[in-house]
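Only one chain is given next, in structure tokens, and it is the form predicted on its own.
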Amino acid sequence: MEQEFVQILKSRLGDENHKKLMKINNQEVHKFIAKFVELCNPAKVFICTDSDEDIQYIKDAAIRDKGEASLANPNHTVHFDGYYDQARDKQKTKFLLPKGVDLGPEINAMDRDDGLKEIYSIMKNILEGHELFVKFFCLGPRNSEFTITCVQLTDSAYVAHSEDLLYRQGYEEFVSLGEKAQFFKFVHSQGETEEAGLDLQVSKNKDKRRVYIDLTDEVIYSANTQYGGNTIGLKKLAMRLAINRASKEGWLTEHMFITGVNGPEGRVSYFMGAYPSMCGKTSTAMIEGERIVGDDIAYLRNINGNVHAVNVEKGIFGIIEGINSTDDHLQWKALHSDNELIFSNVLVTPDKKVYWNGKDGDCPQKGHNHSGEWFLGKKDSDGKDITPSHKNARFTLDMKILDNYDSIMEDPKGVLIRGVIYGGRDSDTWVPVEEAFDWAHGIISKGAGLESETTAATLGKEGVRVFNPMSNLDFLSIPIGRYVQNNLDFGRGLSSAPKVFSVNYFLKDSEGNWLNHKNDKRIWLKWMELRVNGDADAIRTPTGFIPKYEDLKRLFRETYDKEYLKEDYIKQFTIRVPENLAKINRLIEIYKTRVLDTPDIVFKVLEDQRGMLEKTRAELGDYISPYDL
């Protein structure tokens, strides 16, 4: 077999590309590439190093191969996905598990042998006539104990170009590590393509779209799709591999941003936060005046008894819907800069500029988007209006172009984490900000207890609470109970555990009016920064510690020069006992019926909290003002 793969590489790569690959002294890398060159049968193979010339080759190929089109700004391009290829395909995204392995009923899986047989059949000769791009990357900073090396095989220069913006180059890391590299593997083909307008091509055979995750060999397979969530393998697909690896090795992979909050006298304290979609995660990471280290995925390690974390990525694949100059100044400025940007599934106007839903200014009357030639009032085959941009339209950029970029992101040691935040969309239960009693209480009642209400825009029915522990349910590659236990065990190994907080930006009064302003989240962060440094007192409640009015009043004045009224404080921080008890009952039922391996401590913590709530209600009633505690 060894002689066979050596011969495949020599005959299929050509002298220059073969020479580049042979600089990496790792037979597993060579075998992996040879195996899928033989199976997928590309017309040409390009081995990409970290050089500017090779990276430019990928950018040029994205235009040449019609994965991207040029825009009026020479540093901006646009990409379209097929009309029905606009999001992660949850149904066709499956774990391939050996017989006898079960991840639980919440996780989509199939027999590994059957899955490999099917995906190999789909990928047989799928690259005929296509060029295969072989890319090398690092997840996390280079030359770090956090680093995970990756090899990406793809025939989409758009995917390769996106990953060049989103991830650190890794060819030289592979050269340096040689046989020591333990790497993640990604195999992607967009498959047969068809015209989509603007001379762009999109994947055609959506019935053969597959995204399969093989935990045994740490391989991701993706076929007949272009949408980034299905194809940019180093993102949420690699996250699944990393969660599995971390579980075995005693560290954590989390769906979290990392932000630096500026405190008094030049102090900076770093926080991590996990929020489900549409709950304010990106807007929190991007708060003007603070520092962004990462917006999506983080690795956590115990270093000398403290939590250190890194941003797995170096760029942002962000939702563009609704970004405007008033509410999103930092992103707006970046999207109107001359820096390198990829827009996807937005509207391209006749003068080759872009428009997205919610952008400043009047909506254009015509242009091209993911549906082809577009005009105002255009409808799809179901009679639904086709908006100028898709609601999941995206932008891709390198974080260095952001004004609040924090260069500590590249520190191989990561950043010291002082606080962990969990936030969901909750109209009637959680107060705007609260600190847990300790690590275990925070992980269970706030992290493992995370729920988020749906919006009418997403599911057509508003207010349905969706269980989403640590905002990571869609990406777990281990059973939920083990995932919760791993978080608890991680905290027990720390000599100085971060404080754990919950936030809720969506609290309403009995008439349905918002009790928080969208900018208040910065005040909650400022209070958390004071708490982790011992500079603010708090009020103990049955569910955790809440701020004192005087501290928030001062922070509003110092931060926004705004008066914070006592009556607003009371409305926001009243403890709603019936709603909190209902939440505990829901969680106990979920962990008894949907999570079969729930650690006993989960029920103990929830029962203890129920007891404290019932005791306080007997003394003070159903709705308790912070001034009564």
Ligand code: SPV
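Note that residue numbering begins at 1 and tracks the sequence as displayed. Computed from a predicted structure; not experimentally measured.
There is another form of this protein, the form predicted in complex with this ligand, and it is not shown here; the text below is about that form.
Chemist: When you measure heavy atoms, are G263, E290 and R418 every one within 4.5 angstroms of this ligand in the predicted complex?
Modeler: Checking in the predicted complex: none of G263, E290 and R418 is within 4.5 Å of this ligand.
Chemist: At the 4.5 Å heavy atom threshold, is R88 in contact with this ligand in the predicted complex?
Modeler: Taking the distances in the predicted complex, the answer for R88 is yes, it comes within 4.5 Å of this ligand.
Chemist: Even though this ligand is not shown here, does G229 get within 4.5 Å of it in the predicted complex, heavy atoms only?
Modeler: Looking in the predicted complex, residue contacts with this ligand include G229, since a heavy atom lies within 4.5 Å.
Chemist: Can D426 be called a contact residue for this ligand in the predicted complex at 4.5 Å between heavy atoms?
Modeler: Residue-level check for D426: no, no contact with this ligand.
Chemist: Might S277 be said to contact this ligand in the predicted complex, defining contact as any heavy atom within 4.5 Å?
Modeler: Although this ligand is absent here, S277 would touch it in the predicted complex, with heavy atoms inside 4.5 Å.
Chemist: Please tell me which of E434, D155, E173, D296 lies within 4.5 Å of this ligand in the predicted complex, judged by heavy atoms.
Modeler: Flagged contact: D296.
Chemist: Just one of H368, R394, R209, H76 has a heavy atom within 4.5 angstroms of this ligand in the predicted complex, so which one?
Modeler: Going through each option in turn, the one that passes is R394.
Chemist: Among 136-144, 103-111, 372-380, 234-242, which stretch has residues whose heavy atoms lie within 4.5 Å of this ligand in the predicted complex?
Modeler: Going by heavy atoms within 4.5 Å, the stretch is 234-242.
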